[in-house]
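Have a look below at one chain only, the form predicted alone, in C-alpha coordinates format.
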Amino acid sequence: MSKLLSAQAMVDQIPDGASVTIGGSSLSRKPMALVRALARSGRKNLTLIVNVGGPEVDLLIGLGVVSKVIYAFVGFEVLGLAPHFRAARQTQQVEFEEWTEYTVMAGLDAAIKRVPFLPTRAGLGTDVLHVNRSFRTIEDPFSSQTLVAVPAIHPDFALLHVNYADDRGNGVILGDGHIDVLCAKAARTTFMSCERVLNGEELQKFGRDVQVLRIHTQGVTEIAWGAHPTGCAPEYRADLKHLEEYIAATGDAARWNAYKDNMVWAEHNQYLDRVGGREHLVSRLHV
(Lines give C-alpha, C1' and ligand atoms only; values in the text may rest on other atoms or scores of the structure.)
Protein backbone atom coordinates (compact mmCIF):
# COMPACT_ATOMS: atom_id res chain seq x y z
CA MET A 1 0.00 0.00 0.00
CA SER A 2 1.34 3.41 -0.96
CA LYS A 3 2.22 5.75 1.90
CA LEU A 4 2.88 8.77 -0.29
CA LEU A 5 1.61 11.95 1.37
CA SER A 6 2.24 15.64 0.93
CA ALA A 7 4.26 17.47 3.56
CA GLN A 8 1.11 19.39 4.44
CA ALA A 9 -0.87 16.19 4.97
CA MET A 10 1.86 14.98 7.33
CA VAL A 11 2.05 18.07 9.52
CA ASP A 12 -1.75 18.33 9.60
CA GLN A 13 -1.68 15.16 11.73
CA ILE A 14 0.59 16.72 14.36
CA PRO A 15 -1.52 18.42 17.07
CA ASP A 16 -0.66 21.18 19.51
CA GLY A 17 1.36 19.85 22.43
CA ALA A 18 2.81 16.88 20.54
CA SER A 19 6.31 15.53 21.17
CA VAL A 20 8.40 15.37 17.99
CA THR A 21 11.75 13.67 17.61
CA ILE A 22 13.85 14.88 14.67
CA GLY A 23 16.45 12.82 12.85
CA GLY A 24 19.78 13.86 11.44
CA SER A 25 22.57 15.42 13.47
CA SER A 26 23.71 19.04 13.77
CA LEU A 27 24.07 20.30 10.18
CA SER A 28 23.56 16.87 8.64
CA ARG A 29 20.36 15.54 7.06
CA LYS A 30 17.82 17.49 9.07
CA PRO A 31 14.26 17.30 7.62
CA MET A 32 14.16 21.07 7.17
CA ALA A 33 11.39 21.17 4.56
CA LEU A 34 9.13 19.23 6.93
CA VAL A 35 10.20 21.48 9.81
CA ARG A 36 9.26 24.60 7.80
CA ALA A 37 5.93 22.99 6.89
CA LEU A 38 5.37 22.29 10.58
CA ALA A 39 6.17 25.93 11.35
CA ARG A 40 3.60 27.09 8.77
CA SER A 41 0.96 24.83 10.31
CA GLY A 42 0.62 27.11 13.33
CA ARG A 43 1.14 24.31 15.87
CA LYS A 44 2.11 25.37 19.40
CA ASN A 45 3.56 23.98 22.63
CA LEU A 46 5.64 21.31 20.90
CA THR A 47 8.22 19.20 22.72
CA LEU A 48 11.30 18.60 20.57
CA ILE A 49 13.50 15.55 21.13
CA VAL A 50 16.92 15.64 19.48
CA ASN A 51 20.32 14.15 20.00
CA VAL A 52 22.49 16.78 18.33
CA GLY A 53 20.19 19.60 17.25
CA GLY A 54 20.86 22.46 14.88
CA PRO A 55 18.82 24.84 12.68
CA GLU A 56 15.60 22.86 13.10
CA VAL A 57 15.50 23.43 16.87
CA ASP A 58 16.65 27.03 16.61
CA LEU A 59 14.09 27.90 13.95
CA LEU A 60 11.13 26.43 15.81
CA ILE A 61 12.17 28.10 19.06
CA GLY A 62 12.54 31.40 17.21
CA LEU A 63 8.99 31.03 15.90
CA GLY A 64 7.63 30.54 19.41
CA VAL A 65 6.11 27.11 18.85
CA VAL A 66 8.25 25.13 21.31
CA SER A 67 7.52 24.63 25.01
CA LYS A 68 10.21 22.03 25.83
CA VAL A 69 13.43 20.61 24.37
CA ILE A 70 15.04 17.29 25.31
CA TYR A 71 18.55 17.42 23.88
CA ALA A 72 22.22 16.53 24.18
CA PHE A 73 23.51 19.53 22.19
CA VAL A 74 22.16 22.29 19.97
CA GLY A 75 24.46 24.45 17.88
CA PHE A 76 25.74 25.45 14.46
CA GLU A 77 29.14 23.70 14.48
CA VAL A 78 31.81 25.95 12.93
CA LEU A 79 29.36 28.87 12.90
CA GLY A 80 29.02 28.88 16.67
CA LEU A 81 26.05 28.92 19.01
CA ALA A 82 22.38 28.61 18.06
CA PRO A 83 21.05 32.14 18.69
CA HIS A 84 17.37 31.50 19.48
CA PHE A 85 18.22 28.41 21.51
CA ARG A 86 20.79 30.38 23.51
CA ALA A 87 18.40 33.27 24.18
CA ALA A 88 15.60 30.95 25.28
CA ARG A 89 18.00 29.02 27.50
CA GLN A 90 19.23 32.19 29.19
CA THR A 91 15.77 33.70 29.70
CA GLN A 92 14.11 30.36 30.58
CA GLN A 93 11.37 30.98 28.03
CA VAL A 94 11.40 27.27 27.18
CA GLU A 95 11.79 24.22 29.39
CA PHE A 96 15.06 22.40 28.72
CA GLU A 97 16.13 18.89 29.72
CA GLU A 98 19.85 18.25 29.27
CA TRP A 99 20.68 14.69 28.33
CA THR A 100 23.77 13.18 26.72
CA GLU A 101 24.02 11.71 23.26
CA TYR A 102 24.14 8.19 24.63
CA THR A 103 21.28 8.66 27.07
CA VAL A 104 19.00 10.08 24.36
CA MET A 105 19.72 6.93 22.37
CA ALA A 106 19.12 4.76 25.46
CA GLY A 107 15.82 6.52 26.18
CA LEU A 108 14.56 5.88 22.66
CA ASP A 109 15.83 2.31 22.80
CA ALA A 110 13.95 1.72 26.04
CA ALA A 111 10.73 2.78 24.32
CA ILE A 112 11.48 0.40 21.45
CA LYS A 113 12.11 -2.45 23.90
CA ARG A 114 8.90 -1.55 25.77
CA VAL A 115 10.65 -1.24 29.11
CA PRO A 116 10.36 1.76 31.46
CA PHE A 117 14.08 2.43 31.55
CA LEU A 118 17.50 1.10 30.54
CA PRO A 119 20.43 0.77 32.95
CA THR A 120 23.79 2.27 32.02
CA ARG A 121 26.99 3.59 33.50
CA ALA A 122 26.74 6.72 31.36
CA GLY A 123 26.45 9.81 33.53
CA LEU A 124 28.08 8.39 36.64
CA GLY A 125 30.51 10.88 38.14
CA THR A 126 29.12 13.78 36.09
CA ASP A 127 26.80 16.71 36.74
CA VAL A 128 24.22 15.25 34.34
CA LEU A 129 22.57 13.56 37.30
CA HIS A 130 22.22 16.92 39.03
CA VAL A 131 20.91 18.98 36.11
CA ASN A 132 18.48 16.30 34.87
CA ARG A 133 16.22 14.92 37.56
CA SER A 134 14.69 12.46 35.08
CA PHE A 135 17.60 10.08 35.76
CA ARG A 136 17.83 7.85 38.82
CA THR A 137 20.66 5.83 40.31
CA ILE A 138 19.85 2.20 41.01
CA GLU A 139 21.68 -0.81 42.40
CA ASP A 140 22.42 -3.71 40.11
CA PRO A 141 20.67 -6.66 41.81
CA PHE A 142 23.39 -9.04 40.59
CA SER A 143 26.61 -7.19 41.34
CA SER A 144 25.43 -4.38 43.68
CA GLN A 145 27.10 -1.82 41.38
CA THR A 146 25.56 1.63 41.06
CA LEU A 147 23.98 2.28 37.67
CA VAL A 148 21.99 5.06 36.04
CA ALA A 149 18.38 4.35 35.06
CA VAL A 150 17.57 6.23 31.85
CA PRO A 151 13.79 6.62 31.40
CA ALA A 152 12.13 5.64 28.15
CA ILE A 153 11.41 8.44 25.67
CA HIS A 154 8.09 8.01 23.84
CA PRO A 155 7.84 10.53 20.97
CA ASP A 156 4.43 11.06 19.42
CA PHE A 157 5.99 11.75 16.01
CA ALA A 158 9.31 11.41 14.21
CA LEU A 159 10.41 13.57 11.28
CA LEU A 160 13.22 12.21 9.09
CA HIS A 161 14.93 13.06 5.81
CA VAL A 162 16.66 10.31 3.85
CA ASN A 163 18.39 9.97 0.51
CA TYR A 164 15.87 7.70 -1.20
CA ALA A 165 12.62 5.95 -0.32
CA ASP A 166 9.93 3.88 -1.96
CA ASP A 167 6.21 4.56 -1.77
CA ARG A 168 5.76 1.92 0.93
CA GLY A 169 7.97 3.79 3.40
CA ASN A 170 11.34 2.04 3.15
CA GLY A 171 14.17 4.56 3.40
CA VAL A 172 17.79 4.55 2.19
CA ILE A 173 20.37 6.41 4.27
CA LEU A 174 23.77 6.74 2.63
CA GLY A 175 26.51 7.30 5.18
CA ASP A 176 25.97 7.98 8.86
CA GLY A 177 22.47 7.03 9.97
CA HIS A 178 22.77 9.11 13.17
CA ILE A 179 19.77 8.19 15.39
CA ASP A 180 17.18 8.08 12.62
CA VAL A 181 16.36 4.39 12.97
CA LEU A 182 15.87 4.76 16.72
CA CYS A 183 13.58 7.75 16.11
CA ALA A 184 11.55 5.83 13.54
CA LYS A 185 11.11 2.81 15.79
CA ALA A 186 10.38 4.70 19.01
CA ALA A 187 7.83 7.18 17.65
CA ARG A 188 4.16 6.36 17.46
CA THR A 189 4.01 7.93 13.97
CA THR A 190 6.97 8.46 11.63
CA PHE A 191 6.98 10.77 8.63
CA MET A 192 9.85 10.76 6.17
CA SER A 193 10.92 13.02 3.33
CA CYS A 194 13.45 11.94 0.73
CA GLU A 195 15.47 13.35 -2.14
CA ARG A 196 13.83 10.96 -4.58
CA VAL A 197 11.18 8.23 -4.53
CA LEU A 198 12.32 5.01 -6.23
CA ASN A 199 10.38 1.89 -7.10
CA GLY A 200 10.80 -1.06 -4.79
CA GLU A 201 13.15 -2.97 -7.09
CA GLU A 202 15.50 0.01 -7.42
CA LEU A 203 15.47 0.60 -3.68
CA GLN A 204 16.35 -2.97 -2.75
CA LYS A 205 19.60 -2.66 -4.74
CA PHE A 206 20.89 -0.51 -1.87
CA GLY A 207 20.92 -3.54 0.43
CA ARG A 208 21.89 -2.67 4.00
CA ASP A 209 21.59 1.04 3.26
CA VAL A 210 17.81 0.51 3.42
CA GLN A 211 17.95 1.46 7.09
CA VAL A 212 14.37 2.67 7.71
CA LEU A 213 11.79 -0.07 7.19
CA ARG A 214 8.21 0.41 6.08
CA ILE A 215 6.77 -1.14 9.25
CA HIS A 216 7.97 1.93 11.13
CA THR A 217 6.74 4.65 8.75
CA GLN A 218 3.29 6.07 8.15
CA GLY A 219 4.09 8.59 5.44
CA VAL A 220 6.73 9.44 2.84
CA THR A 221 7.12 12.41 0.51
CA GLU A 222 9.62 13.36 -2.19
CA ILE A 223 11.28 16.71 -1.46
CA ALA A 224 14.48 17.35 -3.38
CA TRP A 225 16.84 19.54 -1.33
CA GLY A 226 14.57 18.77 1.60
CA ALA A 227 17.43 18.98 4.11
CA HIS A 228 18.60 22.43 3.00
CA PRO A 229 20.25 24.43 4.53
CA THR A 230 21.75 21.36 6.25
CA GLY A 231 23.57 18.80 4.14
CA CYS A 232 22.46 15.45 2.77
CA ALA A 233 25.59 13.40 2.03
CA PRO A 234 26.60 12.38 -0.54
CA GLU A 235 24.10 14.57 -2.41
CA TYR A 236 25.05 18.03 -1.12
CA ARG A 237 26.90 19.88 1.61
CA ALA A 238 25.46 22.13 4.30
CA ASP A 239 24.89 25.68 3.04
CA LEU A 240 27.08 27.65 5.44
CA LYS A 241 26.46 30.89 3.54
CA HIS A 242 22.71 30.60 4.05
CA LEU A 243 23.17 29.64 7.70
CA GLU A 244 25.34 32.72 8.24
CA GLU A 245 22.52 34.82 6.78
CA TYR A 246 20.06 33.06 9.08
CA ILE A 247 22.19 33.76 12.17
CA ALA A 248 22.60 37.41 11.16
CA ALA A 249 18.82 37.75 10.71
CA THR A 250 18.12 36.52 14.24
CA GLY A 251 19.83 39.56 15.74
CA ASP A 252 17.46 42.15 14.28
CA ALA A 253 13.65 42.16 14.45
CA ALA A 254 13.12 43.57 10.95
CA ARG A 255 15.58 41.13 9.36
CA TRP A 256 14.05 38.23 11.27
CA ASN A 257 10.57 39.12 10.06
CA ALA A 258 11.89 39.36 6.52
CA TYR A 259 13.59 35.96 6.85
CA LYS A 260 10.36 34.38 8.05
CA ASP A 261 8.37 35.91 5.20
CA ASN A 262 10.88 34.86 2.55
CA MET A 263 12.11 31.51 3.81
CA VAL A 264 9.62 30.02 6.27
CA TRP A 265 6.18 31.02 5.07
CA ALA A 266 7.13 30.13 1.47
CA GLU A 267 6.26 26.71 0.07
CA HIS A 268 9.28 24.55 -0.73
CA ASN A 269 9.55 25.37 -4.45
CA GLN A 270 9.34 29.08 -3.63
CA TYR A 271 11.94 28.58 -0.94
CA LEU A 272 14.33 26.96 -3.43
CA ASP A 273 13.85 29.87 -5.84
CA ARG A 274 14.60 32.34 -3.06
CA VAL A 275 17.86 30.63 -2.12
CA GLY A 276 19.02 30.87 -5.73
CA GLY A 277 17.29 28.01 -7.52
CA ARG A 278 18.24 24.38 -7.99
CA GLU A 279 20.98 24.97 -10.56
CA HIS A 280 22.63 27.55 -8.31
CA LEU A 281 22.47 25.17 -5.34
CA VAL A 282 23.99 22.38 -7.42
CA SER A 283 26.86 24.62 -8.53
CA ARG A 284 27.64 25.65 -4.95
CA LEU A 285 26.84 22.62 -2.82
CA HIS A 286 26.67 19.44 -4.89
CA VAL A 287 29.40 17.02 -3.89
Partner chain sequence: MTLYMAGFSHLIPFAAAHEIIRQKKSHLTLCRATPDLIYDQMIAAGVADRLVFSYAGNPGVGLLPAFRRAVEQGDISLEEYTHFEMVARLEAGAAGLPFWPLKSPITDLVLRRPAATVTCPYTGAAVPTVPALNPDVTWVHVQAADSDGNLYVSGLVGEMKEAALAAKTVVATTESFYPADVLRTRRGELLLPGFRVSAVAHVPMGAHPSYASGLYERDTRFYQQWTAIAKDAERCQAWLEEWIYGTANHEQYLSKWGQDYLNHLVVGGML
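Numbering follows the first chain given and starts at 1. None of these values were measured; they are calculated from a predicted model.
One more form of this protein exists, namely the form predicted together with its partner chain; it is left out here, but the text below deals with it.
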Its partner chain in the model of the complex has a heavy atom of only one listed residue within 4.5 Å, and of 177, 151, 123, 83 that residue is 151
147, 72, 94, 198: which sits within 4.5 Å of its partner chain in the model of the complex by any heavy atom? 147
Quick check for you: of 85 to 93, 157 to 165, 205 to 213, 186 to 194, which stretch puts a non-hydrogen atom within 4.5 Å of its partner chain in the model of the complex? 205 to 213
Can any non-hydrogen atom of residue 138 be found within 4.5 angstroms of its partner chain in the model of the complex? yes
Residue-level question: is residue 76 within 4.5 Å of its partner chain in the model of the complex, judged on heavy atoms? no
Evaluate residue 114 for contact with its partner chain in the model of the complex, applying a 4.5 angstroms cut-off between non-hydrogen atoms, and reply yes or no. yes
Give a yes or no for residue 128: in the model of the complex, does one of its heavy atoms lie within 4.5 Å of a heavy atom belonging to its partner chain? no
